[in-house]
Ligand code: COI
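Here we start with a single chain on its own, the form predicted on its own, put down as structure tokens.
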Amino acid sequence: MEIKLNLKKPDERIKSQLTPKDKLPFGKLRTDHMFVCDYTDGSWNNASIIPYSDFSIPPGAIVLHYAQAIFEGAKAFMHPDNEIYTFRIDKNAERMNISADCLCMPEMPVDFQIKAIHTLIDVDRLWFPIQEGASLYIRPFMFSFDDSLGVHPGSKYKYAVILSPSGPYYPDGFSKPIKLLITKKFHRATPGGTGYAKAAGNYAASLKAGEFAKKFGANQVLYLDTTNTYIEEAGAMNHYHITSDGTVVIPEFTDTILKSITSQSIIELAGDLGLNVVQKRIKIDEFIEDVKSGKIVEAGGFGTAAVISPVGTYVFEDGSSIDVGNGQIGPISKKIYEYYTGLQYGKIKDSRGWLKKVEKMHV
């Protein structure tokens, strides 16, 4: 399938690369264009790159009533050779199709997803922010726009990609540990549900818990399973902890945990990092005792947006709290962060083919 280009006139587009004086926010800015493609009559068609603009959908669109929508989050990075590279974009495309299957939506070929994303980045490459630690955040998404009030899968879908020149996910970046609230009040997902998919409804359901966490000075909730026995994830990121012997522990992936590409990558990079990385089910009571005793010395979250979010403190609804180690960023978390971002920004050699260069074709 060919991609049609309907671009802004040269005099209407950005003239030079972004060099903002202040740190960029995460996810607020948009580039000039977006990629769109429709699924109608059983096939994908009308693949185009057009000026960034509003969608027009009927008030009865299935997505507005039954949340048949999925999305992904990926990043592109500027390397020392002044070329832009995406990082493990094939894994994002594969996970997009896993989410599509979960919500009874059509899959899109992985190679074409990558082609669409790279073509859009190439068209808007001058939007890449020239700033330390910045990236081009990539947001592919899909939704049903059938005008129907019956509860059933749609037959019409729109796949789109937008780009956001971004700074760190957290304003303080990697320099400041976050706080997580441990509570039995909320649960992110149930077995047999959509917890393993990047479904829009999962994130809508997390908003109440997020606002609740803020009341205790926490950034997010650490979700438990529905029996309040095992650690699952922190909603926007997978959880991890590090024991005093240097072992990195990540909760075992289940159908109630989104399979983080960052977590998968760190598992694969264990040998390069000289680390022992294991996955297992983690009982919350044992976790708390091990933090208190000093058996657990570091903890945090893995995810595309923030990469690594070290946790300095866990808080509870009764107002009490416990620090992990000394409450600061630990040496192993820092080592993982520096190596991982070093790979992404081309400062460390990529021997696995995880980076894909965005070829210059349309600028």
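From 1 onward, residues are counted along the sequence shown. All figures in this text were calculated on a predicted structure; none of them were measured in a lab.
Absent from the display: the form predicted together with the ligand. The rest refers to it.
Among the candidates A76, L103, A236, I162, the residue which, in the model of the complex, approaches the ligand to within 4.5 Å (heavy atoms): When the ligand is considered in the model of the complex, the option within 4.5 Å is A236.
The ligand: the contacting residue among V63, V297, A305, C37 in the model of the complex [heavy atom, 4.5 Å]: In short, A305.
One stretch from 331 to 339, 47 to 55, 66 to 74, 312 to 320 that, in the model of the complex, holds residues within 4.5 Å of the ligand by heavy atom: Result of the contact check: 66 to 74.
4.5 Å heavy atom contact, Y203 to the ligand in the model of the complex: It does: once the ligand is placed as it appears in the model of the complex, Y203 has a heavy atom within 4.5 Å of it.
4.5 Å heavy atom contact, Y137 and the ligand in the model of the complex: Because a heavy atom of Y137 falls inside 4.5 Å of the ligand in the model of the complex, the answer is yes.
Any non-hydrogen atom of Y169 within 4.5 angstroms of the ligand in the model of the complex: Y169: contacts the ligand in the model of the complex.
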